[in-house]
Ligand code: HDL
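Single chain ahead, written as structure tokens, the form predicted on its own.
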Amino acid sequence: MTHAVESRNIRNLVRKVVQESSVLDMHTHIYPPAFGKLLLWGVDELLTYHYLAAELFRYAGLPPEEFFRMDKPSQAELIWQKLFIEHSPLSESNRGVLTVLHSLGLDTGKRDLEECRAYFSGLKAWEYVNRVFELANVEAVVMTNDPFDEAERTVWLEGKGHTDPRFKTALRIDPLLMDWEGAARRLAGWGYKTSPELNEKTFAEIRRFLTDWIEKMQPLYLAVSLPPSFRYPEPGARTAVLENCILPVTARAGIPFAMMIGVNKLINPRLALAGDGVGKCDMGAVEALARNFPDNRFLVTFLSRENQHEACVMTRKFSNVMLFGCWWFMNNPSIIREITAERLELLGTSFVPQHSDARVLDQLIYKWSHSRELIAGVLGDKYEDLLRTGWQVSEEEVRRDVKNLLSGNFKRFVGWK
């Protein structure tokens, strides 16, 4: 072993290594400039993101319908006034906006929204992508690529999907599992011989659809967002499509199937994208899938804090399962600290601690800045625990562990080439 790190230096070393190590962000909703309006960036997009919109309605005293009729600049100005000027921006979403602006060199102390807008007005999308990737120290991101979204489908059919090697693909297939009758009609309209009745002919056409889009997109994994009510096995279309189409196709293609479980859609429909909630899921569904399909690999994350301990225990038992990230409502510092420590204690370094889930390009900056600090703090605790036992730790070992957590584990699990 190379030179051991002294106990008094371990925290500074861990923080330095975590800051220096590049990230492979395995789940985002951001796109390269070739995707046109699907790429969101700039201060107005940051301010009108649905996390902040949900907070606005706790202060603003206006009906959501009135807010959504406003143009985006007016929405941004209202959110800035209510959440940043009239109240201290203490929430993680609010702090994130300020972290981005500060990282870009803007004077947040002036509280001048127009000055921030002026900064972004002089930028081109491609140069800003480069700037954000540099500031966030991100080597690559994985997009969420939905062939059921007409705007994105057009990009792929025009052959513009693979324009920047830093943007990797993930094939999102929610309608196949969440709305089979609607998906069947759309597939039929695209030339696949499907019907609402699930028979072998329809299964074959679903498999053909998936195979066609895997060939077109070359995704690192297939993905779906599932409600807390998800069960496996269960009567109906969802289990049938899983067993006969999704799992055979992903096994044959050699790519994992990612399940993000726990979102209760539109518990308040008036809030639109801001109206989703959270619920505890049945871990037995994931256990059954991992057990019954040992030749498949599963990426899993859970939206409810109450699922996290069960998720760690389940993941210990199945090497074909990779636990990843602190998703959506879990992306808060107090929860990230707790969950990262819990995972290290139960799984060692055999998980993916974080992904950004960014929908606005700029969010890469704050999500990785905040997450790096938290991950480094928890890792520092654990290395100190090791040193107290007399075990010695080298800088090379710290760099190895951090690299695995921030990129290596995911790359190996998906068969990165």
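From 1 onward, residues are counted along the sequence shown. Only a predicted model underlies this, so the values are computations on that prediction, with no experimental measurement involved.
Note that the form predicted together with the ligand isn't included here; everything after this is about it.
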Counting only non-hydrogen atoms, which stretch in 346 to 354, 53 to 61, 388 to 396, 25 to 33 is within 4.5 Å of the ligand in the predicted complex? 25 to 33
Residue (of F148, W328, F293, Y192) lying close to the ligand in the predicted complex, criterion heavy atoms within 4.5 Å: W328
Only one of V321, L78, V138, M260 has a non-hydrogen atom within 4.5 angstroms of the ligand in the predicted complex; which is it? M260
Any chance K82 has a heavy atom within 4.5 Å of the ligand in the predicted complex? no
Partner proximity in the predicted complex: W41 to the ligand, non-hydrogen atom cutoff 4.5 Å: no
Heavy atoms within 4.5 Å of the ligand in the predicted complex: does W368 have any? no
Check S225 for me: does it contact the ligand in the predicted complex (non-hydrogen atoms, 4.5 angstroms)? yes
